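Take a look at this single chain in structure tokens; it is the form predicted alone.
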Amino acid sequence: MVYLTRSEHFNAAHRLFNPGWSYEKNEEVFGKCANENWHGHNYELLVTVKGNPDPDTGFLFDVKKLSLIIRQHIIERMDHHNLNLDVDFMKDKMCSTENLAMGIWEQLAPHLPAGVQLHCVKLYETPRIYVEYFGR
């Protein structure tokens, strides 16, 4: 089994805010992330797929094609957008990095060809904070 990782980057704004809570409770739990004027991150996304290399090419999967899938289904939909308002698969969800990584997985998995499996979505919110999601 071979693991192949592609790294991508996007910038996006979001807000952590539970509408069922008071403003004070949101501020207590989420701090500056509850700012009503939103806040942004420079996200780093690492997508790892796994499988066996093709004997004819030596590739698990063409990295250019993997990049196109990530760009089409994730980056173009999220880069320079408000994750809470503009990204359909985050609608009505708490826009945490954890939920975002799971949503990215759900968007990518159906677009991989037979023999190539999604192994991990690793999403850096900051250089010191990241989430890894390995599917259900």
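Residues carry their position along the shown sequence, with the first being 1. Everything numeric in this text was worked out from a predicted model, so none of it was measured.
Quick note: we don't show the form predicted together with a further copy of the same chain, though the next part is all about it.
- Put simply, A109 is far from a further copy of the same chain in the model of the complex: not one heavy atom of it is within 4.5 Å.
- In the model of the complex, a further copy of the same chain sits within 4.5 Å of a heavy atom of D56.
- Although the partner is absent from this view, Q117 stays clear of a further copy of the same chain in the model of the complex, with no non-hydrogen atom inside 4.5 angstroms.
- Among heavy atoms of Q72, none comes within 4.5 Å of a further copy of the same chain in the model of the complex.
- Heavy atoms closer than or equal to 4.5 Å to a further copy of the same chain in the model of the complex belong, across 1-18, to the residues M1, V2, Y3, L4, T5, R6, S7, E8, H9, N11, A12, A13, L16, N18, ordered by sequence position.
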